[in-house]
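This document opens with one chain alone, in structure tokens, the form predicted on its own.
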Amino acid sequence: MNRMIKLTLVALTAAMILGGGSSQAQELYLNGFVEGLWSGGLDDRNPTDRDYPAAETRLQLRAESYGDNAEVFAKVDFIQDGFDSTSYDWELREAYLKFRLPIDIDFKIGRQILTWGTGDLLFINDVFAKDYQSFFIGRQDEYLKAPQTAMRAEWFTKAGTFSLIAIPDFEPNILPTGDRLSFYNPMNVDIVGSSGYMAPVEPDNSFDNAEIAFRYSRSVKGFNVAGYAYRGFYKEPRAVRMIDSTTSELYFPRLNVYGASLRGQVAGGILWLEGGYYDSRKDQYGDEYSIENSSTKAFIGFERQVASDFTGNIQFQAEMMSSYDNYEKSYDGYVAMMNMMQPGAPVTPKTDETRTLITSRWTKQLASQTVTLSLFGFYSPSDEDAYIRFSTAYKYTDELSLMVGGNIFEGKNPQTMFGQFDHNDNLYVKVNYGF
């Protein structure tokens, strides 16, 4: 448990004690769920340690106490994980104190889920940590957002809302490590299991390395418009550095992001636009092949109800690498060096200048809304890869529900975003009891 989580727990305990001893004691609300998740792989070629990515029972407990100007909230998961061996663990998902000052400023301090932006499972200005491993093995959608320890302040004015987030301890995206899900390792130039995993080096926890995110938003003629700025690091290891002639390591290069978004009602549905510039501060001129280039990203989306209890949406995203000529020169130098050091050895394929992505979600409810059919597809015309998520959920009672679903990956090349997970196709079953 890191230093900030310990401080969060101490602050929450103190807040509960002080709140319980006041003349206006707040009520404590408790709820949660118990869930079993089992998923099985469909590809015998997968180099993972097991042929099932998940076999777990999860108990989540939520506690909340709030009054007119303050709120204390905690969410804890207890997990019995049968993936490798029968083990027990726990995770502090959320634990925060939220309060308002008389000058219309809200503060939220502690372990929390951070999210903003407009996309449906597409993220540009939402630069906060994600858990893609949970997303790919069938856990609830809420687990895509990884918790972070942060301080969030929001100031509400007539001119709009100003939001500031400070994250003192860096937390990266949670990615496959080869045990539950295989992935593409550019060092091996192949899809690998756990034996091919190399843990990246994270930034030191220091004042200079603190992440800062800012958003300004307001309503303009029925549309919500927002501007964003971020100073921190890529959430995935997007750079390699040499330690000596035979050893290298992955790390998270520095990153600034500047962007904007718009969302509102159009033509009987909802339209959203979002864009951002990713400023790779470690390689601003794009002449270091081993470091991610700067890039520009944008997407547009539209959603509407097409029939009774039937909703669909579609999104289109484009990404363009900056300083591509410099990247090509650097890549050619890398290939020449590899051919000189290891003639005939495979090399990491060159990245295209532009990447495009199309997504679409379709949701249909049946049987008095007790059955929900869901389909979400990602397809990249430039990468020639795809990812399909589908599920059927049955709500037997208000407390008890059952879901069956799957994750299917397809790709022409193993180094692309979804192509690298081509061997990870899986089906899953979930049983959830809420209380």
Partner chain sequence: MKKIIITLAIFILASVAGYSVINAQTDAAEIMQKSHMAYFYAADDGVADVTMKIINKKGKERIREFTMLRIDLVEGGEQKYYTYFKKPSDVSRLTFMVWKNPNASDNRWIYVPAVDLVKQISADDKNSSFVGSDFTYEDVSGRHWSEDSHRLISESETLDGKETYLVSSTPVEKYKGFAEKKTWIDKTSFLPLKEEYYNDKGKLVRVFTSDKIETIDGIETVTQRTMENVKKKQHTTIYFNEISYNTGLTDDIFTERYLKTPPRKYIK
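Everything quoted here is computed from the prediction, not taken from an experiment. Numbering follows the first chain given and starts at 1.
Below, we turn to the form predicted together with the partner chain, even though it does not appear here.
Contact with the partner chain in the predicted complex, judged by any heavy atom within 4.5 Å, is made by just one of Gln265, Asn205, Thr354, Gln342: Gln265. For the three residues Gly67, Arg100 and Gly269, a heavy atom within 4.5 Å of the partner chain turns up in the predicted complex in every case. None of 405 to 413, 59 to 67, 37 to 45, 380 to 388 except one has non-hydrogen atoms within 4.5 angstroms of the partner chain in the predicted complex; the exception is 59 to 67.
Of the heavy atoms in Glu328, none are within 4.5 Å of the partner chain in the predicted complex.
With a 4.5 Å cutoff on heavy atoms, Arg152 counts as touching the partner chain in the predicted complex.
Among residues of the shown chain, Phe73 is one whose heavy atoms approach the partner chain to within 4.5 Å in the predicted complex.
Asn31 belongs to the set of residues with a heavy atom inside 4.5 Å of the partner chain in the predicted complex. Taking a 4.5 Å heavy atom cutoff to the partner chain in the predicted complex, the contacting residues in 349 to 371 are Ser368, Gln369, Thr370.
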